[in-house]
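The chain below stands alone and is given in structure tokens; this is the form predicted alone.
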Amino acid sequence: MSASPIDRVAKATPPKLARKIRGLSDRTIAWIFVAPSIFLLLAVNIFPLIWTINLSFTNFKANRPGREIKYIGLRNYERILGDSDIWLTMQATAHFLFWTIALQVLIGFTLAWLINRKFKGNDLWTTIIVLPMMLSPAVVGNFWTFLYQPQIGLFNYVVSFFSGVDPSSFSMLGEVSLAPWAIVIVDTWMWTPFVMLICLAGLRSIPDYIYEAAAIDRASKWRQFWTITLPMVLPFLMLAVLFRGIENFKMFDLVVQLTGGGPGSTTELTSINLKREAFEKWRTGYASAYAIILFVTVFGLASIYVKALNKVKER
């Protein structure tokens, strides 16, 4: 019978090295296996963060690597917080966040509640609803850009059918008042299935005997919804809001494909504005400070939100 690979490795190990390995504790062996992952984490995540913090205090420009780097303290942060254009992009981002999350939670929970009723063709409809979430944002952006075309796009003709407005009289991507809503519609269409799946998991985690006990107590369906369904699904809803809030705060590719931040700067979110500062204006130090401010904002809000989520789970 041939020796196993482990036996061959053990025989090929020099005696001195073998004695050293036998003398290692379990804790040391565990650290040997974990160390490569920790090193990779430091190299990919921690080091770039520390380097970005360092650059945020300088006047460094990536397109002028030979230029002398000067430390200017908090000047970049002061300029960002005092820039009215930055606050306009924050406002556009807040508008995008609020409406996408509100619509996705409302529609996603409704779809989850309907699918949870287990009607005929339930699995088929679930698969169809989940399809948009499987597509690439670049593909979705190009697809909806075509749908939004005033002359040949299907979206304008659907709106015209229900409202009687001339389909060529408005442009979802070209008008200041409509462009933000065009992005909200696309993001809602794409990511509502994600919220639906989380809510569906919450609905199916509720034991049937709770509803049976409520029915014995003659509680109405509406009463059961407000006292059983909604409170028990609330942690799942809050988790969906957390995930979508973090993702939408850094939304980039979908908006670039649809509007590129236009018309003007109407749909210029913070991620797009940051990219322009870093890779079009080449104000690397300024952009680094901008990125740190956004990171601290998201991290702080997420930390507060997670504490609230934990309190809801403990009830």
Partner chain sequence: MKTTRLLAATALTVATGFSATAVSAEELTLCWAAWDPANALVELSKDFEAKTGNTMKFEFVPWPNFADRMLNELNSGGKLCDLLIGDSQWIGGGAENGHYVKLNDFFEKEGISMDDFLPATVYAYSTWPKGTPNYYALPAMGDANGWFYRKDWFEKPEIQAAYKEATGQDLREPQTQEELLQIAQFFQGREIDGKKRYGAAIFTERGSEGITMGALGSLFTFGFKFENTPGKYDMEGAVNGPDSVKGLEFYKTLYKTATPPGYTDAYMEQSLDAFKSGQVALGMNWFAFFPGLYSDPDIGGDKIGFFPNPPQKVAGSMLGGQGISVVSYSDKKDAALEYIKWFAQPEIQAQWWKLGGYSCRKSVLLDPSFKDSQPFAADFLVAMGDVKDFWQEPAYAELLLAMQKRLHDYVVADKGTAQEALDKLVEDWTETFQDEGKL
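Predicted model only: the values in this text are computed from it and were never measured. Residue numbers count along the first chain shown, from 1.
There is another form of this protein, the form predicted in complex with its partner chain, and it is not shown here; the text below is about that form.
- Look at 98-106, 118-126, 71-79, 220-228: in the predicted bound form, residues with non-hydrogen atoms within 4.5 angstroms of its partner chain sit in 71-79.
- Proximity to its partner chain in the predicted bound form holds for all of 176, 263 and 279, with the criterion being a heavy atom within 4.5 Å.
- Proximity of residue 37 to its partner chain in the predicted bound form falls outside the 4.5 Å heavy atom cutoff.
- In the predicted bound form, none of the heavy atoms of residue 250 sits within 4.5 Å of a heavy atom of its partner chain.
- Its partner chain is not drawn, but in the predicted bound form it has no heavy atom within 4.5 Å of residue 132.
- At a distance threshold of 4.5 angstroms between non-hydrogen atoms, residue 63 is in contact with its partner chain in the predicted bound form.
- Out of the listed residues 271, 58, 288, 259, 259 is the one that sits within 4.5 Å of its partner chain in the predicted bound form by at least one heavy atom.
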